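In the block that follows, a single chain appears as structure tokens, in the form predicted on its own.
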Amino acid sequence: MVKKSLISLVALLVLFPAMAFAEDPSAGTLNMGLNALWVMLAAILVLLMQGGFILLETGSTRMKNAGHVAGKTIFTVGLCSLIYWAVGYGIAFGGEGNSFIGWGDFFLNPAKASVDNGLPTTIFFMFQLAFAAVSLSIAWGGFAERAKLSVYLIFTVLFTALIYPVISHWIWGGGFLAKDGAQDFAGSTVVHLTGALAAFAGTVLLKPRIGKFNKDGSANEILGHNQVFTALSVLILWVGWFGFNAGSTVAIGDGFFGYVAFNTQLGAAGGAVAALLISWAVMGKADIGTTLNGALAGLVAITASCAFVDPWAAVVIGLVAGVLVFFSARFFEKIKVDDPIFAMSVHGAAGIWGTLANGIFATQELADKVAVGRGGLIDTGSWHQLWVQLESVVICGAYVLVVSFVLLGIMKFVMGLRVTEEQEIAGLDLSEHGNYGYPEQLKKASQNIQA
């Protein structure tokens, strides 16, 4: 009896899909459902990358700021979601816009949305929101350990409404760079360079952390408090990146998302290996932090080109990114820019390289498949696509940098950006939230004061 019941159950599970779709034999309906499921899964993976950013920034900074880093990340993702729903999505994808700005679909009502890309509007919104939140989290790297909590609140609103969605529209929303054929499959420029340049504006206006630089200009190393957190963050981000890149196919189709994931893995691997080797060669030691940054730089660089290049090129792109992030970090420190989580190097320098790399390595066959732009210099012998890629980097970079400096400059004049010296020394956990992320540290400090 039990055996017959098990056989019946298995038969029902096997036949259920056919029964479910028997009433609607349309292959299009089935494909739409599978595509929607895939993109929703990808959106969840990208949103879970916020866990990676929490651990990355926490592990790369000092213990006295750990709770602040974790809490403000959750808070800003929540606020970003509301602003993107109200304004950001409409500026990026509103159907009544032009080549420079989207318009419409504010306070998005999925039943009345204008975007029609074969996906339910709710799922497309969730996917794009997750990308906006990642770019915002990258920007926070330049603010770490010294910005007021109120700055995070106000700049979240401004970044999500006026900076990120404009760049998104230009390249992904049918803007003028999209019409020029700019290739940025999953956001080396749209997401990473945008976040990095906002971080640069923030760190310049905030100025270095107390104790980072000496009077003679030499730098002191301010070590993060937990390298295991940092390593785990890279792994979480690495896994989430498959939602980031492979999910940007927004379709299951012929399985092309697997090719994108394949190139993504090769780019990340190249970045990690190259960064370890270059740090070993230059410093005499294989630096763990550099290796972790190299993996992330490889991921950032391959993000623009994962759908446009052959596998060997993905490896080269990752290798170059791993070397580039090492020297970029040293450069920024030399010019006295205090970048606690290396946002400008990992996401900025590698984002520029990844975007330009399409102009060198993209193949005409893959450009035709994705239906964006042309083949690069090696495949076609033409400089056209490299010029288009350079155009997108320069124009987007200039917009983000200027607007970020203006907005943050106004905020600095009106309300100030930085906590007081006493608050910074005490740590943002205590000064902004009234407790440490590691409560036993507060108890220990109190005991020392009493003693």
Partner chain sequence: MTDLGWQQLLQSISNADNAAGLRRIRESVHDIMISRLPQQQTEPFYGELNDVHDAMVRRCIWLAQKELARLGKGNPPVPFAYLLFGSGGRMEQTLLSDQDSGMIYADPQNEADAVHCRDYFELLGKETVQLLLMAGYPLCEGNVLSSNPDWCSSASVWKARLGEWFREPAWEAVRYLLIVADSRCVYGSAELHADMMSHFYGDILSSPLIVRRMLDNTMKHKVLLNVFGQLLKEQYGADAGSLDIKYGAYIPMVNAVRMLAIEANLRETSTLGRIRLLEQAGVVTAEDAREWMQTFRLFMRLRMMTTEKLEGGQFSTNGKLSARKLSKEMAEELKSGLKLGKKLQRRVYRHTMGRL
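Positions refer to the first chain, counted from 1. Since this is a predicted model, take the numbers as computed values, not measurements.
Same protein, other form: the form predicted in complex with its partner chain, not shown, and the subject of what follows.
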I'd like to know whether Glu333 contacts its partner chain in the predicted bound form, with contact meaning heavy atoms within 4.5 angstroms. yes
With heavy atoms only and a cut-off of 4.5 Å, decide whether Ser218 touches its partner chain in the predicted bound form. yes
Is Lys207 one of the residues lying within 4.5 Å of its partner chain in the predicted bound form, judged by heavy atom distances? no
Although its partner chain is absent from this view, report whether Leu79 comes within 4.5 Å of it in the predicted bound form, heavy atoms only. no
Tell me the stretch among 351-359, 377-385, 209-217, 189-197 that has any heavy atom within 4.5 angstroms of its partner chain in the predicted bound form. 209-217
Out of Leu162, Val282, Ala286, Leu149, which one falls within 4.5 Å of its partner chain in the predicted bound form, going by heavy atoms? Val282
